[in-house]
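To begin, one chain is listed below as C-alpha cells, in the form predicted alone.
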C-alpha cells in the first residue's frame, strides 16, 4: 500500500483531534505505520486546528506536503478553503457546511465570505458538502459531527465497517460509543 495522506482541519472545540485519533487507531489496528502531527493555532479561542495523518507500510515524515493530501476532512467551510492547496489533483475534499465566525468577523472588522462554496469548488475537483451539524442534531447529539464526517471518509478508504467500529470503540469515551457508531453509519 502506498502511503495515504489525510488532513483533518477545523476550529478548536469541534472534535478534530478525536477524529484524528480514531483514524490513527484504525490504521494502527490494521498493521500500518502511522504518523500524526497536530497543530493547534489558538485552538482554545476558536482558532484553526489541523492534523496531518499519514499511514502505510513505512512512513518517514508526519507532515503531508502541499499538493499531496489524498483526502481533506474539513469541519468548517473557511478552514476547507484555508487548507485546499494541500489536496492533490485527484484528491477528495469532504466539507462540513458549518460556518464559525473568526475573530475579525466577531469584532465587526470583516464579513464572513458568502461565496466560500464556489471558491472551494474552484480549487477542488472532487468536493462533498455535508451539513454534518444538522445531521448530528437530528441524531440527538451535536457532538457527533466528527463521526458523521468519518462515515463519509470511510467511503474513500479501504477499511471494513467493522474495523472502523472497533477504532471508534477504543477511542471515544465508553458512554458515547453507541451514539458515535450510529452517527458513523448514518450517511
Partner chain sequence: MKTIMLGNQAIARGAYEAGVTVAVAYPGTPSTEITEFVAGYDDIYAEWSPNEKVAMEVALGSAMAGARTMVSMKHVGVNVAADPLFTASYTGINGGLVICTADDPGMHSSQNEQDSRYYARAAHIPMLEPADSNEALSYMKRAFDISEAYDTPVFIRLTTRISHSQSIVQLNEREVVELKPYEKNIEKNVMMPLYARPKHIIVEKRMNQLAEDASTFTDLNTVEMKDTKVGIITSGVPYQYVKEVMPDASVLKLGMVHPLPKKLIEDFASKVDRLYIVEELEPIFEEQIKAWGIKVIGKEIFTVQGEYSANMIEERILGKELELRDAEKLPGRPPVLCPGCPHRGIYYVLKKLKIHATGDIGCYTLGALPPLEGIDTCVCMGGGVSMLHGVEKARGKEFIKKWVGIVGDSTFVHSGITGLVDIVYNKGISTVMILDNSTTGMTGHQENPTTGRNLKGEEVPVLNLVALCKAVGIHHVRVVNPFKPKEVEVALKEETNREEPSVIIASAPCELLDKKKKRIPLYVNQETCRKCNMCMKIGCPAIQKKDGNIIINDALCVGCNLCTKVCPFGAIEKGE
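Positions refer to the first chain, counted from 1. Note that the structure is a prediction, hence the values are computed from the model and not measured.
This protein has a second form, the form predicted in complex with the partner chain, left out of what is shown; the following refers to that one.
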Triplet 126, 140 and 172 all within 4.5 Å of the partner chain in the predicted complex via a heavy atom: no
4.5 angstroms heavy atom contact with the partner chain in the predicted complex for residue 65: yes
Close approach of residue 94 to the partner chain in the predicted complex, 4.5 Å, heavy atom: no
Residue 159 within 4.5 Å of the partner chain in the predicted complex, heavy atoms: no
The partner chain contact at residue 119 in the predicted complex, heavy atom, 4.5 Å: yes
In the predicted complex, residues of 3 to 21 near the partner chain [heavy atom within 4.5 Å]: 11, 21
